[in-house]
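Quick heads-up: it's one chain on its own, the form predicted alone, in structure tokens.
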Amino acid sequence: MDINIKIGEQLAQLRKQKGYTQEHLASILELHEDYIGKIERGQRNPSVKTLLLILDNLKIKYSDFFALLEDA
């Protein structure tokens, strides 16, 4: 599976577990909601800075996120 798709699917799952909509997360991050959707669908490749910003706001440890990707 493409790494962008794996990252996007994992971010979507974690976002939903926190009860956030794409719109809510985008608002917190000051990003466009379409950009969040494209990341989650694997259509956009987030920068490392953006990925870490998303994880920080979802309160996910970086190591935990990458461990989840290995298991996916």
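None of the values given here were measured: they were computed from a predicted structure. Note that residue numbering begins at 1 and tracks the sequence as displayed.
The protein also exists as the form predicted together with a further copy of the same chain; that form is not presented, and the subsequent description refers to it.
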Whether Lys61 contacts a further copy of the same chain in the predicted complex should be assessed with a 4.5 Å heavy atom distance threshold; does it? yes
If we define contact as a non-hydrogen atom of the residue within 4.5 angstroms of the partner, is Ser27 a contact of a further copy of the same chain in the predicted complex? no
Would you check, heavy atoms only and a 4.5 Å threshold, whether Gly37 touches a further copy of the same chain in the predicted complex? no
So in the predicted complex, is a further copy of the same chain close enough to Gln43 to count as touching (4.5 Å, heavy atoms)? no
For a quick check, can you give me the residues of 1-35 that have a heavy atom within 4.5 Å of a further copy of the same chain in the predicted complex? Asp2, Ile3, Asn4, Ile7
